[in-house]
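Form predicted on its own, single chain, as structure tokens, below.
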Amino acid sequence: MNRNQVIKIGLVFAAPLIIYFLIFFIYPIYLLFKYSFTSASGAFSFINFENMIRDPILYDSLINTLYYFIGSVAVQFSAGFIAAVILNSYTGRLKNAFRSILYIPLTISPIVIALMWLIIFNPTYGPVDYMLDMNLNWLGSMNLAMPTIILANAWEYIPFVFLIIYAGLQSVPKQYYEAASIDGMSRFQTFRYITLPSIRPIMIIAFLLNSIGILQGFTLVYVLTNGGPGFSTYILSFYIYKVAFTYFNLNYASALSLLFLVIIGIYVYAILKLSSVEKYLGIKK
């Protein structure tokens, strides 16, 4: 069998994947750019991007997205990291039970989780107001709606951070800890000089994946508040949905999606450069 025959056979087997990639990735990207630079009349235009400058709801959405992003990342990553470190150090009989409990939110559909929190924070029959003996209207308050969504989102995705970092902790060679013990290092010194450097690439990956998932958040906002009260929980992903499927302005929604894509791209590039993760993964010397 010559080289050309091998290439032809390889293309035949790769054809389904290539077709899938073209239909579900390249073609949507093409449509995104096409509609972004198209006016309502169908002509090539920058009108959608000009409208962004004059759109007050977009500015509110960007501010809300930043608030939602910072709050969610801070809570989820710190809680997931602490849980992973504690469980990795715990040697009791209930270790597997605790680990299984932490996995539970990952097995539940996001829409089911959103409906669960909708019941929990219901001002009429929700258990939270009942136990606090207060009527705070968590999801209907301008000041409480976003923190409530951040809390609900944290319960859903803390296990994701925990799972990645816990796996990283489990992969640290035991010989490192044995050598540290022989050298008389304290537990804090061992954690600082051995554990943290060993799992740094894993932490960066966990942080990056978690933060991208947070930026794409939509389900909780849609189910719990539908963007309200007012525009207090409008995040960019939800606003794109409203523009596309409530106002039926696909051109402007495409331009907003392109803006969102650029924001995520810049963020990922900045994290990769600032963290020098390529060096730790062996991609770049």
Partner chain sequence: MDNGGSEGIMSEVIVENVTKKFGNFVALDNVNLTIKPKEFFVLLGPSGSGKTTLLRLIAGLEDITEGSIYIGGKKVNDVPPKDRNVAMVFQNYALYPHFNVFDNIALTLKVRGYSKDAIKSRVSEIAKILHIEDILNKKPRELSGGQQQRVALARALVREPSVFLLDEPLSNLDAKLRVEARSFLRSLQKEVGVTTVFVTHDQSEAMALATTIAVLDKGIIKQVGDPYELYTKPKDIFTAGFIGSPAMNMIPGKLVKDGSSWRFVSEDFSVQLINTEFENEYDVILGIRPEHITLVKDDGINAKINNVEPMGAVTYLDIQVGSVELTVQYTGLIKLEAGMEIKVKFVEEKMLFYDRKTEKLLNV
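Positions refer to the first chain, counted from 1. Note that the structure is predicted; figures quoted are calculated from it, not measured.
There is another form of this protein, the form predicted together with the partner chain, and it is not shown here; the text below is about that form.
- Between 177 to 185, 146 to 154, 104 to 112, 91 to 99, the stretch whose residues reach within 4.5 angstroms of the partner chain in the model of the complex through a non-hydrogen atom is 177 to 185.
- The single contact residue among 202, 194, 116, 87, judged by any heavy atom lying within 4.5 Å of the partner chain in the model of the complex, is 194.
- Residue 137 falls outside the set of residues with a heavy atom inside 4.5 Å of the partner chain in the model of the complex.
- A residue is said to contact a partner when one of its heavy atoms sits within 4.5 Å of a partner heavy atom; residue 189 meets this definition for the partner chain in the model of the complex.
- Although the partner is absent here, residue 198 is a contact residue: one of its heavy atoms lies within 4.5 angstroms of the partner chain in the model of the complex.
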